[in-house]
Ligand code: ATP
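This document opens with one chain alone, in structure tokens, the form predicted alone.
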């Protein structure tokens, strides 16, 4: 017998392999939802290159309006580098993150046996600030944070605010409290004395509110080295936008590559966006060989988050079942994809996850 208000979930396939891995994630989520009597209203929405062809815009206004009515959505990888240079061919990522105040990008890294990980026992989460920093497509309300006053000079502006620093740090502290109660904030205040200095100040202030969480800090270049040498020493890591973007890709390289790099965008509001870290991989699109793990795990994270935020225990259990089934599928070399030492493909991995679902 079902209960709870149905979760309203958007499905945005994105580009290239997105049209293969997003349907795989939805198929698994549907099976898990049925198992745990979770009601879901699915809402497919146009986005990306196909939306440009059919709706004249890579982020159609109707899609943006529809998202405002939803609890969360799956966003497939976006191949915006290949978009034509026309006004309506925009990168949807920063707009969605800013529009819905999704300021925290939660990117877990975990090692599994036999898939080509460089280290065993890795289980960390990088919480990346999402909406300010150096990225010029999201750090200004109008205009751009990158400009060229003369042919010889290009300026890039980095935006750091107390509010932005404090809210992403709080999200990381809350996550650390749920995990192993250890938080590391990563910065470069030895050089960026005001920018990183402000971020560090806000992390230190918040630490007093979380006496149960062990807190330390590491300079970003030292952290990059330690991430390669002893990643097992970290639990939850919080950092600014560009540092987090680079370090989370490095972390993915430790555990099998970007196909093993899920992500969840969250904020102060009521919505969550499941978005894998990797790109749209046009070189393998349409071949059925893309690793769907990152998209599946991102989707699982979204349902778990929504379950907790809405008191929907079925959605929480659904996430737990998906996690167990995905781990079981990864243990089968005939099911998993070639990038993680398997002989399977997108379809075989998807079927293996569904076959391993249990209450």
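Residue numbers count along the first chain shown, from 1. In this text, all values refer to a predicted model and were calculated from it rather than measured experimentally.
Absent from the display: the form predicted in complex with the named molecule. The rest refers to it.
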property: Contact stretch among 325-333, 28-36, 51-59, 289-297 - heavy atom within 4.5 Å of the named molecule in the predicted bound form; result: 289-297
property: Among the candidates 139, 184, 280, 105, the residue which, in the predicted bound form, approaches the named molecule to within 4.5 Å (heavy atoms); result: 280
property: Contacting member of 76, 133, 259, 263, with respect to the named molecule in the predicted bound form [4.5 Å, heavy atom]; result: 259
property: Touches the named molecule in the predicted bound form: residue 160 (any heavy atom, 4.5 Å); result: no
property: The named molecule contact in the predicted bound form: residue 198, any heavy atom under 4.5 Å; result: no
property: Exercise: residue 284 in contact with the named molecule in the predicted bound form, heavy atom 4.5 Å; result: yes
property: Distance check, residue 85 to the named molecule in the predicted bound form, heavy atom within 4.5 Å; result: no
property: Complete contact of 17, 81 and 339 with the named molecule in the predicted bound form (any heavy atom, 4.5 Å); result: yes
